[in-house]
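Only one chain is included here, represented as structure tokens and corresponding to the form predicted on its own.
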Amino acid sequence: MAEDLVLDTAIRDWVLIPLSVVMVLIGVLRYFVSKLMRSDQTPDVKIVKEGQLIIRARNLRAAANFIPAKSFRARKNYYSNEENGLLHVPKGQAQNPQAQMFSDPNMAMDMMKKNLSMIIPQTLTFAWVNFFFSGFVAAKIPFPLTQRFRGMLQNGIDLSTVDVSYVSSRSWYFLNLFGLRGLFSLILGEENATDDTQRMMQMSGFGFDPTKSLGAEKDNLDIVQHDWALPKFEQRAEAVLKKLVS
């Protein structure tokens, strides 16, 4: 049977609150350091055009049923024509993003700076938490949880008799690391450089080819079936106007 613990208020004052405050301050500091390390580069015109083109194609798919069939077919042919369609990427013209990255030293340097600004603060903070606050039960979740959450909430505490709702100091560090995105968005704005989850996704997506998005959007547009959502709306509008005038 899980045991109920009585948490000392000193743990709240000297472990829980300081750890949360330090995580927020480190996140803000990393944001300004990342801004200082970020090099001013002119965005690639080709990449910007491709991004805007994909947005326009998605808007066409979303509003396909609100334009006449003839107009939709014309726009669809304009985007997905096999000869000169904007979304059609001929074979052999797809860029290799890895080769482009290694050929551009500025791009490789920016990626290295971003990785360093993420890895070094995390390593130092985790070492600080592990040295000073290891083994503390810092908080308690106010609702019951299943045993599957034990490994996530009680990292560093090897006691199966403790209720799952108790959170260790090390787990509290990880919860703050990945759970402060909303707070940083309020403090620093939506486009902030402290989103570790997004950075890890970018690191795992190394080698992503932007031209593949054009091909994927072309395939999505090709399978769209037009279903006119406003049949004979001109006639109905004319009839309503005649009733209002007469």
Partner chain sequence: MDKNKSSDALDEIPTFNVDNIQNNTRIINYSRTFMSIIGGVIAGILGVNGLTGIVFYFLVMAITTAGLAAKTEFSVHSYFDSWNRIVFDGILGGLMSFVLFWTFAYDMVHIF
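Residue numbers count along the first chain shown, from 1. In this text, the rigid core denotes the largest set of C-alpha atoms whose superposition between the two forms falls within 1.5 Å. Only a predicted model underlies this, so the values are computations on that prediction, with no experimental measurement involved.
Missing here is the form predicted together with the partner chain; even so, the following discussion is about that form.
Every residue in the set Asp8, Ile17 and Ile141 has a non-hydrogen atom no more than 4.5 Å from the partner chain in the predicted complex. Residues placing heavy atoms within 4.5 Å of the partner chain in the predicted complex fall in a single listed stretch, namely 168-176, out of 168-176, 67-75, 117-125, 155-163.
Contact annotation for Leu183: at least one heavy atom lies within 4.5 Å of the partner chain in the predicted complex.
The closest heavy atom approach of His226 to the partner chain in the predicted complex falls outside 4.5 Å. Not displayed here, the partner chain is kept clear of Lys242 by more than 4.5 Å at the level of heavy atoms in the predicted complex. Relative to the superposed core, Thr9 shifts its CA atom by less than 2 Å between this form and the one not shown. Shown in the overlay between this form and the one not shown, fitted on the rigid core, is a CA shift at Leu29 smaller than 2 Å. After superposition on the rigid core, the Cα of Ile67 moves by 2 Å or more between this form and the one not shown.
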